[in-house]
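So this first bit is one chain, no partners, the form predicted on its own, shown in structure tokens.
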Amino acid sequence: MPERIGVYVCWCGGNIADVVNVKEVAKHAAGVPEVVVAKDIMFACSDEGQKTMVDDIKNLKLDGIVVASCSPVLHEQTFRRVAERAGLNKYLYVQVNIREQDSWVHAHDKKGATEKAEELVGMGIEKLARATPLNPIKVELTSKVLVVGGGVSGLTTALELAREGIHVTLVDRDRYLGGFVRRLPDVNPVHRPGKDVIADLYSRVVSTGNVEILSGTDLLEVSGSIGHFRARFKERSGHIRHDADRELLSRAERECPVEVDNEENFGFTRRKAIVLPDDRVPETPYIDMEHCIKCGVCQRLFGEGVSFDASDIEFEEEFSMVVQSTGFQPYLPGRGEFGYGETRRVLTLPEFLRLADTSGKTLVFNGRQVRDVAFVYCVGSRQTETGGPNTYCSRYCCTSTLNTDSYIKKKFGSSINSFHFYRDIRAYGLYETMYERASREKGLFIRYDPASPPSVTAEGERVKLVTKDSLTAGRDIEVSADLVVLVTGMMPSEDGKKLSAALKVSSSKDGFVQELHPKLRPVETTVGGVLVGGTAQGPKDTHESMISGAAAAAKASTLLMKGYTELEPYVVTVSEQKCNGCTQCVTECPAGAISMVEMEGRQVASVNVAMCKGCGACAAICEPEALQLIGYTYPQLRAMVSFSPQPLGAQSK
């Protein structure tokens, strides 16, 4: 336990010193018996401030330091490195937050703020005086990563990891990869069909030889911790050999008597029960067993290549890390929302894109040529006025719609008239050029007030929209269109929510996966070894999703190439002699890190240190005090709570 402690009180410019009398705080701390030196420093985190601490540790033979400054979130690692450079165990350091927890909230009471700082510093000294040297928990890692989701982000993650020689298992419940991007007829800014973008990415992934692709496979369960994740899969039956004769496949498709709506195209086209890839990847045909009537056509043509009695296959694998790239789901308007569900001439943007892509040289809907298209923006986003759940901006919607407008005019000619009913055009960065292009191509922009959005009513084979244009002194504007396209926002996918719940990954208030820090740790989650990429984290466009996926791969590879990771030692330990087997800790643990094991004929608690987050919830409710949180032990906490600044050092050590 430290007996020669140094205390350093930071001015933080004026952030602290304008409210707290830092010199008095340092002088007060100097009166504690264990404190050998106490100084006030203008900027503790500066090179000069760090050098002062390093020199004191070496010259005065300090065995512990307390830094009273800003939040540990900002500079805990900085001061730990200071301790290490001076040859001191980096966990024999305590940071006391007298900025966010004191000066910033008590600017009206300088005397009270100074007294509070003195007490906080004294409590930090009491805690450190009972600390012991600690070492990080070392966890060995194997080069195996599970990537959940085969969209553009997941494929990018798999590619970048595989290039580093890391083995990747990529799982997607869909039979074909590519997610939402696969269906896009024109991907900005490359202006290529989405299926071509995905096919190119898939080809590069396969060529690495390090990626196992499990398409058409359900992820049933995933559990464990970094270095030891275990996943259980179910591969759905119905596959046909990928090397099956293409002529026979086409014949089987023609002869198949079953015909259903093609969900790939939102029912604008039909398909058979035998499904061919049609430029999708992987190039594996399959039988839709849900609609197959087992007429025998496939068996007659392919023999043993098809078995109607084949069952789903379940299997398990282990991984060191998991990347959640589960994507998003488009907002689905409620019946009657802007006329959706009440007239077939109101579509969502994803539906309209598939209609445009599957049309010939003329845009046709229900046998009639489409000339006038009205886009209604912010459907399912920024729902502050309507009381809807999605108050966030989905970011991609404006630019996607502007790009769609340009695409349909390029494909179908200038005969298409477009009307844009918008709240705000958020074409950020270089996307501003798309807004300018849409304006030049005679797109008519009508700005509506979200408090009185456009009304949409069917009038025969047309649809009428009425709103007040806020750019023309609130005049009533009436537009008649062949189609109304609702520009729907992004929502967290159901698969993503289930995976987050299984892994106990925290979500933001909007339901997307929450990163640890948007700038410093943008792809890490609250669970060690679980990373996030793409739109599972929040609304992004295609380019941003690929960058996010590459960032997740970079973070994973830095750990896996090293072969191990180090975890914080602040975990819970169990005294088996004190444990009474009540199981309350198991219920209380939010990380699922505690289980009951048999020891000498009775049940006692056992902690998985790789899963433990050091929250202390279990220790707080353990009546026999069988569980203790390292770094925040009962003696430390009791000394801190009972600490009194008058007189300092009077407590028993």
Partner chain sequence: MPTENPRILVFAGSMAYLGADNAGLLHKEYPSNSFVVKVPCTTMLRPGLILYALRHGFDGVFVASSGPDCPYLPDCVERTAKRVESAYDLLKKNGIEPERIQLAGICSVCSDAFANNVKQLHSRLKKLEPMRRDGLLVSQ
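Heads up, when I say rigid core I mean the largest set of C-alphas that superpose within 1.5 Å between the two forms. Residue numbers count along the first chain shown, from 1. The structure displayed is predicted, hence computed values, not measured ones.
This next part talks about the form predicted together with its partner chain, which is not shown.
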Legend entry - Which of 601-609, 32-40, 57-65, 616-624 sits within 4.5 Å of its partner chain in the predicted complex, heavy atom basis: 616-624
Inset, instruction - Please run the contact check for Trp104 against its partner chain in the predicted complex: heavy atoms, 4.5 angstroms, yes or no? - result: yes
Legend entry - Interface membership of Asn97, its partner chain in the predicted complex, 4.5 Å heavy atom rule: yes
Inset, instruction - State yes or no: in the predicted complex, is some non-hydrogen atom of Lys116 no more than 4.5 angstroms from a non-hydrogen atom of its partner chain? - result: yes
Legend entry - its partner chain contact at Asp109 in the predicted complex, heavy atom, 4.5 Å: yes
Legend entry - Contacting member of Pro185, Pro72, Gly388, Pro277, with respect to its partner chain in the predicted complex [4.5 Å, heavy atom]: Pro72
Legend entry - Position in contact with its partner chain when the complex is considered in the predicted complex, options Leu347, Val281, Val222, Met123, heavy atoms within 4.5 Å: Met123
Legend entry - Residues within stretch 525-563 having a non-hydrogen atom within 4.5 Å of its partner chain in the predicted complex: none
Legend entry - Post core alignment: Lys578 C-alpha displaced by 2 Å or more between the shown form and the other one: yes
Inset, instruction - Using a rigid core alignment, state whether the CA of Ile41 is displaced by 2 Å or more between the shown form and the other one. - result: no
